[in-house]
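The chain below stands alone, shown as C-alpha coordinates; this is the form predicted alone.
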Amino acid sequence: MHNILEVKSLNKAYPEFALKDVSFALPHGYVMGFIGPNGAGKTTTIKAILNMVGYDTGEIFLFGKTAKGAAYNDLIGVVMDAPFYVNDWTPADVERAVAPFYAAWNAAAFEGFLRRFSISRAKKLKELSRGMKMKLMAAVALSHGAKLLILDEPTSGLDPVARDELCDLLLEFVADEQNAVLFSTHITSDLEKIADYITFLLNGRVVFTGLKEELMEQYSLVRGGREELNRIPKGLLIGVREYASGFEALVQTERLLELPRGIGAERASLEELIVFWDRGRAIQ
(Lines give C-alpha, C1' and ligand atoms only; values in the text may rest on other atoms or scores of the structure.)
Protein backbone atom coordinates (compact mmCIF):
# COMPACT_ATOMS: atom_id res chain seq x y z
CA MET A 1 0.00 0.00 0.00
CA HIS A 2 1.49 3.33 -1.07
CA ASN A 3 1.44 6.31 1.28
CA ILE A 4 0.53 9.81 0.19
CA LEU A 5 2.01 11.24 3.42
CA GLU A 6 4.65 9.89 5.81
CA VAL A 7 5.93 11.59 8.94
CA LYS A 8 8.98 9.89 10.45
CA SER A 9 10.47 10.61 13.88
CA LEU A 10 9.51 14.30 13.79
CA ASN A 11 10.94 16.41 16.62
CA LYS A 12 10.32 20.09 17.23
CA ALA A 13 11.21 21.78 20.54
CA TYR A 14 9.71 25.00 21.87
CA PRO A 15 10.51 26.50 25.30
CA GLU A 16 7.41 24.94 26.89
CA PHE A 17 6.38 22.21 24.45
CA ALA A 18 7.93 19.65 22.13
CA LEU A 19 6.93 17.19 19.45
CA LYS A 20 8.74 13.95 20.28
CA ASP A 21 9.37 11.29 17.64
CA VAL A 22 6.03 11.81 15.88
CA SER A 23 5.56 9.15 13.20
CA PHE A 24 2.55 8.12 11.12
CA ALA A 25 1.63 7.27 7.54
CA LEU A 26 -1.50 8.03 5.50
CA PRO A 27 -2.19 5.70 2.55
CA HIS A 28 -3.88 6.78 -0.69
CA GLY A 29 -7.66 6.47 -0.68
CA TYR A 30 -8.31 6.96 3.03
CA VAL A 31 -9.36 9.53 5.65
CA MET A 32 -7.12 9.83 8.72
CA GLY A 33 -8.50 11.51 11.82
CA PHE A 34 -5.85 13.52 13.68
CA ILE A 35 -6.95 13.77 17.31
CA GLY A 36 -5.80 14.86 20.73
CA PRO A 37 -6.55 17.57 23.33
CA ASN A 38 -5.58 21.21 22.85
CA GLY A 39 -1.82 21.59 22.99
CA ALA A 40 -1.13 18.01 21.93
CA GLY A 41 0.86 19.11 18.88
CA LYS A 42 -1.61 18.60 16.03
CA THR A 43 -1.37 22.09 14.52
CA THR A 44 2.43 22.17 14.91
CA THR A 45 2.64 18.87 13.02
CA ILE A 46 0.35 20.15 10.28
CA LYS A 47 2.38 23.34 9.93
CA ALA A 48 5.55 21.25 9.64
CA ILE A 49 3.94 19.17 6.88
CA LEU A 50 3.00 22.38 5.05
CA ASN A 51 6.48 23.90 5.47
CA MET A 52 5.00 26.68 7.60
CA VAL A 53 7.38 25.91 10.49
CA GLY A 54 10.75 24.25 10.58
CA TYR A 55 11.51 21.18 12.67
CA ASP A 56 14.60 19.98 14.49
CA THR A 57 14.95 16.39 13.29
CA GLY A 58 12.91 13.83 11.38
CA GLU A 59 11.59 13.46 7.85
CA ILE A 60 8.36 14.26 6.04
CA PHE A 61 7.51 12.63 2.73
CA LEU A 62 4.74 13.78 0.41
CA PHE A 63 3.80 11.72 -2.65
CA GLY A 64 6.85 9.55 -2.04
CA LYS A 65 9.34 12.43 -1.99
CA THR A 66 10.94 14.44 0.78
CA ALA A 67 8.85 17.49 1.60
CA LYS A 68 11.64 19.83 2.68
CA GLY A 69 12.18 22.51 0.06
CA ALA A 70 9.67 20.89 -2.30
CA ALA A 71 6.66 22.67 -3.79
CA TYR A 72 3.36 20.78 -3.75
CA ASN A 73 1.08 23.78 -4.11
CA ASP A 74 -1.28 22.22 -6.63
CA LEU A 75 -1.38 18.79 -4.99
CA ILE A 76 -2.35 19.85 -1.44
CA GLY A 77 -5.62 21.53 -0.50
CA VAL A 78 -5.80 23.19 2.91
CA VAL A 79 -8.82 24.17 5.01
CA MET A 80 -7.98 25.81 8.33
CA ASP A 81 -10.14 26.77 11.30
CA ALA A 82 -10.73 30.29 9.97
CA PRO A 83 -10.67 31.82 6.49
CA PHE A 84 -7.50 33.70 5.62
CA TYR A 85 -9.15 35.96 3.04
CA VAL A 86 -9.98 39.68 3.33
CA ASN A 87 -13.45 40.21 4.82
CA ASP A 88 -14.40 42.73 2.14
CA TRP A 89 -13.60 40.28 -0.66
CA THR A 90 -16.29 38.43 -2.55
CA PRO A 91 -15.83 34.81 -3.77
CA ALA A 92 -15.04 36.32 -7.17
CA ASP A 93 -12.26 38.37 -5.53
CA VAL A 94 -11.00 35.23 -3.79
CA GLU A 95 -10.72 33.43 -7.12
CA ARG A 96 -8.86 36.32 -8.73
CA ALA A 97 -6.43 36.39 -5.78
CA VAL A 98 -5.69 32.67 -5.49
CA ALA A 99 -5.93 31.37 -9.06
CA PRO A 100 -2.49 32.68 -10.15
CA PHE A 101 -0.83 30.59 -7.42
CA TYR A 102 -2.11 27.31 -8.87
CA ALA A 103 -0.95 26.03 -12.24
CA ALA A 104 -3.90 23.65 -12.31
CA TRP A 105 -6.60 26.10 -11.22
CA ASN A 106 -9.98 24.94 -12.57
CA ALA A 107 -12.42 27.84 -12.87
CA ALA A 108 -15.26 25.56 -13.94
CA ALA A 109 -14.77 23.34 -10.87
CA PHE A 110 -14.75 26.38 -8.58
CA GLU A 111 -17.95 27.70 -10.16
CA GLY A 112 -19.53 24.27 -9.72
CA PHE A 113 -18.70 24.20 -6.02
CA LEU A 114 -20.10 27.72 -5.53
CA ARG A 115 -23.36 26.58 -7.12
CA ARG A 116 -23.40 23.37 -5.09
CA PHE A 117 -22.89 25.30 -1.85
CA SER A 118 -25.29 28.15 -2.87
CA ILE A 119 -22.54 30.75 -2.44
CA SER A 120 -23.04 33.98 -4.37
CA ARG A 121 -19.97 35.21 -6.25
CA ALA A 122 -20.94 38.79 -5.37
CA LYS A 123 -21.54 38.48 -1.62
CA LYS A 124 -18.81 39.78 0.68
CA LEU A 125 -17.16 37.30 3.04
CA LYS A 126 -18.18 39.36 6.08
CA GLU A 127 -21.79 38.70 5.08
CA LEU A 128 -21.32 34.93 4.93
CA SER A 129 -21.99 32.58 7.85
CA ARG A 130 -19.12 30.60 9.31
CA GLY A 131 -20.44 27.53 7.54
CA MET A 132 -20.47 29.31 4.18
CA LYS A 133 -16.91 30.57 4.74
CA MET A 134 -15.74 27.03 5.44
CA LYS A 135 -17.47 25.81 2.28
CA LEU A 136 -15.73 28.57 0.32
CA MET A 137 -12.36 27.42 1.65
CA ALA A 138 -13.26 23.86 0.69
CA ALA A 139 -14.23 25.04 -2.79
CA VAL A 140 -10.81 26.64 -3.23
CA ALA A 141 -9.04 23.55 -1.86
CA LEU A 142 -10.88 21.30 -4.31
CA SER A 143 -10.50 23.45 -7.43
CA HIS A 144 -6.81 23.02 -8.27
CA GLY A 145 -6.35 19.28 -8.66
CA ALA A 146 -5.35 18.54 -5.05
CA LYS A 147 -4.67 14.92 -4.15
CA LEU A 148 -4.20 15.48 -0.41
CA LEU A 149 -6.60 17.53 1.71
CA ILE A 150 -5.37 18.77 5.08
CA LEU A 151 -8.05 20.12 7.40
CA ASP A 152 -7.30 21.76 10.75
CA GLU A 153 -10.47 22.19 12.86
CA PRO A 154 -12.69 23.32 9.95
CA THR A 155 -15.94 22.13 11.56
CA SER A 156 -15.63 23.98 14.89
CA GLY A 157 -18.75 26.08 15.38
CA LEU A 158 -20.60 24.58 12.42
CA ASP A 159 -24.13 23.25 12.74
CA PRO A 160 -24.73 19.51 12.21
CA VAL A 161 -26.05 20.00 8.67
CA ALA A 162 -22.96 21.92 7.52
CA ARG A 163 -20.68 19.34 9.16
CA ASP A 164 -22.53 16.51 7.48
CA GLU A 165 -22.19 18.22 4.09
CA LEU A 166 -18.44 18.58 4.60
CA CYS A 167 -18.11 14.93 5.63
CA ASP A 168 -19.99 13.87 2.48
CA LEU A 169 -17.61 16.00 0.43
CA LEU A 170 -14.58 14.29 1.99
CA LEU A 171 -16.00 10.84 1.29
CA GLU A 172 -16.56 11.84 -2.34
CA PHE A 173 -12.97 13.07 -2.50
CA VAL A 174 -11.44 9.80 -1.28
CA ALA A 175 -13.70 7.77 -3.57
CA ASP A 176 -10.85 8.52 -5.99
CA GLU A 177 -8.27 6.15 -4.53
CA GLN A 178 -5.43 8.47 -5.55
CA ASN A 179 -6.64 11.00 -2.97
CA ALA A 180 -6.44 11.13 0.84
CA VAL A 181 -7.51 13.36 3.75
CA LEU A 182 -5.78 14.33 7.02
CA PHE A 183 -8.60 15.67 9.19
CA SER A 184 -7.78 17.31 12.53
CA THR A 185 -10.90 17.99 14.58
CA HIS A 186 -12.23 18.01 18.13
CA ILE A 187 -15.63 16.89 16.84
CA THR A 188 -14.79 13.23 16.99
CA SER A 189 -18.31 12.08 16.06
CA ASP A 190 -17.48 13.22 12.51
CA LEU A 191 -14.42 10.99 12.51
CA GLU A 192 -16.39 8.04 13.84
CA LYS A 193 -18.52 8.33 10.69
CA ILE A 194 -15.86 8.81 8.02
CA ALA A 195 -12.30 8.11 9.26
CA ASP A 196 -10.49 4.91 8.32
CA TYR A 197 -7.32 5.64 10.31
CA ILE A 198 -6.65 7.56 13.52
CA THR A 199 -3.46 9.21 14.74
CA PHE A 200 -3.79 10.21 18.40
CA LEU A 201 -1.36 12.76 19.86
CA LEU A 202 -0.93 13.45 23.54
CA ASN A 203 1.76 15.70 25.06
CA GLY A 204 3.58 15.87 21.73
CA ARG A 205 3.81 12.08 21.33
CA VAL A 206 1.87 9.58 19.26
CA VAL A 207 -0.25 7.44 21.59
CA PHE A 208 -1.77 5.45 18.73
CA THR A 209 -1.68 5.40 14.95
CA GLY A 210 -3.51 2.83 12.91
CA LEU A 211 -6.97 1.68 11.88
CA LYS A 212 -9.80 3.42 13.73
CA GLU A 213 -11.52 0.16 14.58
CA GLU A 214 -8.33 -1.23 16.13
CA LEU A 215 -8.14 1.77 18.48
CA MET A 216 -11.81 1.61 19.43
CA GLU A 217 -11.59 -2.13 20.12
CA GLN A 218 -8.40 -1.75 22.16
CA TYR A 219 -10.03 0.16 25.05
CA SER A 220 -13.33 -0.07 26.92
CA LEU A 221 -15.15 2.37 29.18
CA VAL A 222 -15.93 0.87 32.58
CA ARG A 223 -18.16 2.04 35.42
CA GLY A 224 -18.63 0.81 38.95
CA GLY A 225 -19.39 1.71 42.54
CA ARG A 226 -16.92 3.48 44.82
CA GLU A 227 -16.57 0.39 47.00
CA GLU A 228 -15.24 -1.55 43.99
CA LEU A 229 -12.58 1.02 43.13
CA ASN A 230 -10.23 -0.03 45.94
CA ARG A 231 -10.37 -3.65 44.79
CA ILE A 232 -9.04 -2.90 41.31
CA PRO A 233 -5.32 -3.59 40.71
CA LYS A 234 -3.26 -0.40 40.62
CA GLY A 235 -2.36 0.74 37.11
CA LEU A 236 -5.26 -1.06 35.45
CA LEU A 237 -7.48 2.01 35.08
CA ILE A 238 -6.71 4.95 32.81
CA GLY A 239 -7.94 8.46 33.70
CA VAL A 240 -10.22 7.56 36.62
CA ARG A 241 -13.12 9.97 37.16
CA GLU A 242 -14.72 9.65 40.61
CA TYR A 243 -18.15 10.96 41.55
CA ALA A 244 -20.55 10.58 44.48
CA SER A 245 -21.88 7.15 43.64
CA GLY A 246 -19.01 5.58 41.75
CA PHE A 247 -16.35 5.95 39.10
CA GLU A 248 -15.64 5.56 35.39
CA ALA A 249 -12.39 5.02 33.54
CA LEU A 250 -10.76 3.39 30.53
CA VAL A 251 -9.34 -0.12 30.58
CA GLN A 252 -7.54 -2.09 27.91
CA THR A 253 -10.20 -4.43 26.56
CA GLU A 254 -7.92 -7.44 26.85
CA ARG A 255 -7.65 -6.82 30.62
CA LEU A 256 -11.38 -6.62 31.39
CA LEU A 257 -11.28 -10.04 33.05
CA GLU A 258 -8.98 -8.62 35.72
CA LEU A 259 -11.78 -6.40 37.01
CA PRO A 260 -14.04 -7.43 39.92
CA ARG A 261 -17.50 -8.69 39.08
CA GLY A 262 -20.27 -6.11 38.84
CA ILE A 263 -18.32 -3.52 36.89
CA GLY A 264 -20.00 -2.67 33.61
CA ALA A 265 -18.02 -2.25 30.39
CA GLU A 266 -18.96 -0.69 27.06
CA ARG A 267 -17.34 0.52 23.86
CA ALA A 268 -15.58 3.88 24.34
CA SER A 269 -16.12 6.71 21.88
CA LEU A 270 -13.19 8.61 20.37
CA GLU A 271 -14.10 11.58 22.54
CA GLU A 272 -13.98 9.42 25.68
CA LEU A 273 -10.61 8.03 24.63
CA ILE A 274 -9.21 11.55 24.35
CA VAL A 275 -10.72 12.71 27.65
CA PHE A 276 -9.62 9.73 29.75
CA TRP A 277 -6.16 9.44 28.21
CA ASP A 278 -5.65 13.15 28.84
CA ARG A 279 -6.83 12.75 32.44
CA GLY A 280 -4.51 9.82 32.95
CA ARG A 281 -1.57 11.46 31.22
CA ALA A 282 -0.39 7.95 30.37
CA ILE A 283 2.33 9.35 28.13
CA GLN A 284 4.52 11.89 29.93
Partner chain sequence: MKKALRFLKLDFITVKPYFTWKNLFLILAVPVLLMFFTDAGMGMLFFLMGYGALFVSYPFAVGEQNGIDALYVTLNVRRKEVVLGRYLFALCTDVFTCVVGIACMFAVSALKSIDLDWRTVFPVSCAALAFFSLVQAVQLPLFFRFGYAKAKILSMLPFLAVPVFVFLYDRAYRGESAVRLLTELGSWIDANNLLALAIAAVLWVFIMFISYDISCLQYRKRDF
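Residue numbers count along the first chain shown, from 1. What you are looking at is a predicted structure, and each value in this text was computed from that prediction instead of being measured.
Below, we turn to the form predicted together with its partner chain, even though it does not appear here.
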**Prompt:** Hey, in the predicted complex, does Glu177 get a heavy atom within 4.5 angstroms of its partner chain?
**Reply:** no
**Request:** Answer with yes or no whether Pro83 is in contact with its partner chain in the predicted complex, where contact means some heavy atom within 4.5 Å.
**Result:** yes
**Non-hydrogen atom contact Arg96 with its partner chain in the predicted complex at 4.5 angstroms** = yes
**Message:** Under a 4.5 Å heavy atom criterion, is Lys47 part of the interface with its partner chain in the predicted complex?
**Reply:** yes
**Prompt:** Among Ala146, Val78, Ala162, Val207, which has at least one heavy atom within 4.5 Å of its partner chain in the predicted complex?
**Reply:** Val78
**Request:** Have a look at 208 to 216, 169 to 177, 100 to 108, 185 to 193 and name the one stretch with heavy atoms inside 4.5 Å of its partner chain in the predicted complex.
**Result:** 100 to 108
**Item:** Heavy atom within 4.5 Å of its partner chain in the predicted complex - qualifying residues of 33 to 65
**Value:** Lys47, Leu50, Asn51, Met52, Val53, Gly54
